[in-house]
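Consider the single chain below, provided in structure tokens and representing the form predicted alone.
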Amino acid sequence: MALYFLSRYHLTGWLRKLKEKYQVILPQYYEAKLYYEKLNGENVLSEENFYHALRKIRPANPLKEFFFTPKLKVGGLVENKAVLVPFDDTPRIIIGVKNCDLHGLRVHEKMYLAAEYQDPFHKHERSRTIIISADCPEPEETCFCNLLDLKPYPEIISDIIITPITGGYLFESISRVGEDLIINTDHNFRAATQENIAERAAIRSYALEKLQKINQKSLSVELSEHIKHKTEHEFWQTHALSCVECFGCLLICPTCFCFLLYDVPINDKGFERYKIWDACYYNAYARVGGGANPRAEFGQRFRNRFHCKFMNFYWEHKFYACSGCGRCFAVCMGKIDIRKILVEV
């Protein structure tokens, strides 16, 4: 909608004003790594830390944990009365979200909000959240969003896009909510200059060029069809041999959406029901009544992950259920790089 500039000097003041009304979540360094963290009285807000954090790639933890928590109580039944779980209505702002995490949110919205039966918990968390996304000016060796037709800067699901530039930050309001957040919370914003806009364009061009150097082998435009016809067991088994089944890749993935419901007894009075993250590499993932398991071998489950992200989801929604964030490779103890597999398919 509009482009604004805010100097580095005024940034912390703006964030303090936001904190008066909103729960603020932003990237913070912890033991030399970047994580999404809630800004509270214990955090020491450093503008320099924030400026450099925005220039890094996505935080280590995925954005999805704010909309689809690893463990969530969803209800139950106690003494024949339904257990209702209260919603947290605190408005919140998540700052510094990269496009790869936005894509993960896009995948989840397809799964939880687009069909006839919607997930009320995901819907509520989304409704109370304002998203301020950020450019990714320095892609790293693990990044491959460009292979999946994504850009290293936000294109979707944002209220504001922020880019660190010389002397401050370029803000682009995308929604009415974002525009109101800028013009109603701080008088230190000014209209962006052509120099500010040109600098952002140069930053984005550099990021795209760096990604192209990192990922020189492109994927086939018929990737989903290639995966469908890659039926040789040996191919998948060979790539799966390095896996130690720690499942870190699926638990850290911003797009994985599978969940499991289970009940916890409360003495003899009833039960509470929980929703937790599930993963298709688990041995019991596809097991059915009577103990039958169509994917009993790990190689079959390994292949299923690629079917889900790059074939089935693509056929249904016309985009991949992978964002190219590189978290899977970053945490993999066996150093399995799915780019290598996708190129060889």
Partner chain sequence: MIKNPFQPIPAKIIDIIEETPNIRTFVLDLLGADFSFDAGQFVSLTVPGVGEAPFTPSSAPYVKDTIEMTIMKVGKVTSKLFELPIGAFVGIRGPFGKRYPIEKFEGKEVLILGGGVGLAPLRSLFLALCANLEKYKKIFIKYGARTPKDIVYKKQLSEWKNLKGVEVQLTVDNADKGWRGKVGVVTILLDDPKLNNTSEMIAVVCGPPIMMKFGTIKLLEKGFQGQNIYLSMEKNMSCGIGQCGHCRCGQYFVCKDGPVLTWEQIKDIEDPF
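Because the structure is predicted, anything quoted here is derived from the model rather than measured. Numbering follows the first chain given and starts at 1.
The protein also exists as the form predicted together with the partner chain; that form is not presented, and the subsequent description refers to it.
By the criterion of a heavy atom within 4.5 Å, Pro120 is counted among the residues contacting the partner chain in the model of the complex. The partner chain in the model of the complex is approached by Met111, whose closest heavy atom lies within 4.5 angstroms of it. For Glu47, no non-hydrogen atom is located within 4.5 Å of the partner chain in the model of the complex, even though that partner is not displayed. Looking at Ile157, you'd find every heavy atom of it more than 4.5 angstroms from the partner chain in the model of the complex.
In summary, the region of this chain contacting the partner chain in the model of the complex, judged by heavy atoms within 4.5 Å and restricted to 94 to 102, 205 to 213, 191 to 199, 256 to 264, corresponds to 256 to 264. For the candidate set Thr238, Ser127, Ser220, Thr231, a heavy atom within 4.5 Å of the partner chain in the model of the complex is found for exactly one residue, namely Thr231. The partner is not shown here, but in the model of the complex the stretch 67 to 82 reaches within 4.5 angstroms of the partner chain through a heavy atom at Val74, Gly75, Gly76, Leu77, Asn80, Ala82.
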